[in-house]
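Form predicted alone, single chain, as structure tokens, below.
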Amino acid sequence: MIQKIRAIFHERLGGEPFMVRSPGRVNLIGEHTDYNEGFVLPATIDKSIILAVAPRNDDLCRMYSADFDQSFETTLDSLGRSELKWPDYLLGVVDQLLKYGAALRGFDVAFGGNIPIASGLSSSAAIEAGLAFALNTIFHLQIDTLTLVKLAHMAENEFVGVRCGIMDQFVNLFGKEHRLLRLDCRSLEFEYVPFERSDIRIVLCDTQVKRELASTEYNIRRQQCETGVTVLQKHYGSIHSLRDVSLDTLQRHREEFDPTVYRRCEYVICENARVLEACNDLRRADLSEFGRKMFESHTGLRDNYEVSCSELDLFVEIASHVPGVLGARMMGAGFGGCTINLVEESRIQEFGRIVTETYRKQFGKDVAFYIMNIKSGTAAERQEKVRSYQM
């Protein structure tokens, strides 16, 4: 993949690029909690976006997507959203860096990867954080990693228009091999939680259902959570987000809530508690209990948060009956994409066979499976290349 993107850069744009590997991510537990200032437990994986980037001496920005086989050009003083959609993830980063006051010039970038599109593995954050990292390096901006995270996050919120939380961009730049990252999305304090069981694998089952509702419904869910906070703030001035609300407090004021808003808030509060308890399970090496919480998480996402779909539900239902599957749930924004499963390595083939047969019978579709390894976050593919851009 690295050599392919390098060759494409040479062919399409010319010159010698700085190469960056920017990974996708999985989230073991803690879904839709990040934009509620809660807790999440993601990790970066061995599926990545590869970016080839080189500085220019003018203000022209030339971009090429290998996956879409499309080109786009603009200048630093004429940034605007593109009808092609994919340039927005890059342009948003440029927009944020300029607002930050970074001394940018134009640049060339070609990119592509093996993160399955629309699978919920956050290829968007990989593009955003990867470009932020690359531009910070080649232009010697000296922006610290946490600030890069925040700029990449705001690129998606403001320019792309998806009001996502900060989890994806954060783990992309801070991820570590063989470690999960427990992130407090309010304080941005984090700790690494070991996950090195060679006999247990992370297996994704891809519904291959396009997540056409995901962006719109994502923003609706966020607004519903904010509405719930507003109800409780009438009684408790210290409440800033659902992070500050206990289940007892929510239940005490149930009659004041629209029933749908109440269910959304109940899910988030319970999911936050599950993340903290699940981290304790990992510290005790109790993956059976950890897996049980994954199943509970899916039930909440299906029934209270209502972001699942029939295909995802079937995958989780199958997983709950296959020996050797410790836990399963939908992952990501929802309405398609993947389930994430903890499976004993000796049972993976049996699990795949049962899922494939049942899915074909019920939906007439094939399943894509991905066995994930936990790898480090965004990095220069060749450290020596950094020195070639000293000016």
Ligand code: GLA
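What you see is a predicted model, and the numbers here were worked out from it, not measured in a lab. In case it trips you up, residue 1 is the first one in the sequence shown, and so on.
FYI, the form predicted together with alpha-D-galactopyranose isn't displayed, but the following is about it.
Stretch-level contact check against alpha-D-galactopyranose in the model of the complex with heavy atoms at 4.5 Å: of 318-326, 353-361, 55-63, 332-340, the positive one is 332-340. Proximity of residue 112 to alpha-D-galactopyranose in the model of the complex falls outside the 4.5 Å heavy atom cutoff.
Contact check for residue 261: no non-hydrogen atom falls within 4.5 Å of alpha-D-galactopyranose in the model of the complex. Contact check for residue 344: every heavy atom lies farther than 4.5 Å from alpha-D-galactopyranose in the model of the complex. In the model of the complex, alpha-D-galactopyranose sits beyond 4.5 Å of every heavy atom of residue 159. Shown without its partner, this chain lists 309, 164, 287, 232 as candidates; in the model of the complex, only 164 has a non-hydrogen atom within 4.5 angstroms of alpha-D-galactopyranose.
Checking 218, 257, 72, 139 against alpha-D-galactopyranose in the model of the complex, a heavy atom within 4.5 Å turns up for just one residue: 218.
Of all the residues from 1-27, the single one having a non-hydrogen atom no more than 4.5 Å from alpha-D-galactopyranose in the model of the complex is 25.
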